[in-house]
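Next up: just one chain, as structure tokens, the form predicted alone.
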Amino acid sequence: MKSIPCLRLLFFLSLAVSAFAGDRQVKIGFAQTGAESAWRTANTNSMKGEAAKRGFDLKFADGQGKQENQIRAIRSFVAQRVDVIVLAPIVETGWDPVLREARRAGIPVILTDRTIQTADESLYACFIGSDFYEEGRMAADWLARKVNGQGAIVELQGTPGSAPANERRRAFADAIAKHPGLKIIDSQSGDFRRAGGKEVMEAFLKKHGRAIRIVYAHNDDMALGAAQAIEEAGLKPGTDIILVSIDAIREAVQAVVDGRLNCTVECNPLFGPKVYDIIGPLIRKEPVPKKSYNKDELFDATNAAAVIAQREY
């Protein structure tokens, strides 16, 4: 038993040491996409909370949904000579010039949550996030079983040009192609926002009416907005119209328990610990895995009630 206080002391000493590069505090620049959803808020809180716990000096920049704001933030981080830059890219393209500036300054870049398209993968040290294609495939496979491969689908897309929107759309389309009775009859962006999901769903209902059997939303916030629009149209979400989404925020899992949503595929936003575990090796110029994915689950009426009390976000 006497060894327990010693172990605790060693643990906290290791945290203190990890927060410093040489004899100075480690500085990290984090360029976030914005605050477009409950998922994003949980992601930001994880990054900030874990940085404080480990004693890192976190420079946080909210991109407010605009790539130019994130590019400006990265240039500011370079000027401040941070030790590592963490980027959650709003869109996939257009990053090469500013990432070259970071590389010339000798600052490694971690991509988190979303990937980028580049011919030079040496511009970033590693990617930590979720497998968006797998999430879309899981949603489609569940749906095909639920409706026996039959139904007209409307799709609420995420931010145009973003990795999750691109991959979740592609995976879902690939998977339902195996089921000729499943057809996407309309698709439009709600920009990952609840208000956007509600607005687009209202337009879909006016255009297609009761022909709509299924809603596939690229995230929970848009799905919850769509559920509100369905209710205001005098229909019952989860019964009259099947709703399938991605993220598994606590509110969405509760909506599955309540029967307003039918299925949500997890996309874990709590990246803080995994991201900061990589900081030390990067500063010491040690090799790190190029890609690291979180493990995601699917929640429907069979398991949502059992996990809702434990949901952290």
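Quick note: we count residues from 1 along the sequence shown, nothing fancier. Being a predicted model, the structure only gives us computed values, none of them experimental.
What comes next is about the form predicted in complex with ligand GYE, which is not displayed.
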key: Which of 149-157, 109-117, 77-85, 93-101 lines the interface with ligand GYE in the predicted bound form (heavy atom within 4.5 Å)   = 109-117
Answer option from P164, P237, G190, G225, heavy atom within 4.5 Å of ligand GYE in the predicted bound form = P164
inquiry  = Within 4.5 Å, heavy atoms only, which of A51, V26, C267, V253 is in contact with ligand GYE in the predicted bound form?
reply    = C267
ask   = Counting only non-hydrogen atoms and a 4.5 angstroms cut-off, does W39 reach ligand GYE in the predicted bound form?
value = yes
ask   = Does ligand GYE get within 4.5 angstroms of any non-hydrogen atom of Y216 in the predicted bound form?
value = no
inquiry  = Under a 4.5 Å heavy atom criterion, is F172 part of the interface with ligand GYE in the predicted bound form?
reply    = no
request  = At a 4.5 angstroms cut-off on non-hydrogen atoms, which residues of 128-158 are near ligand GYE in the predicted bound form? List them in order.
outcome  = F132
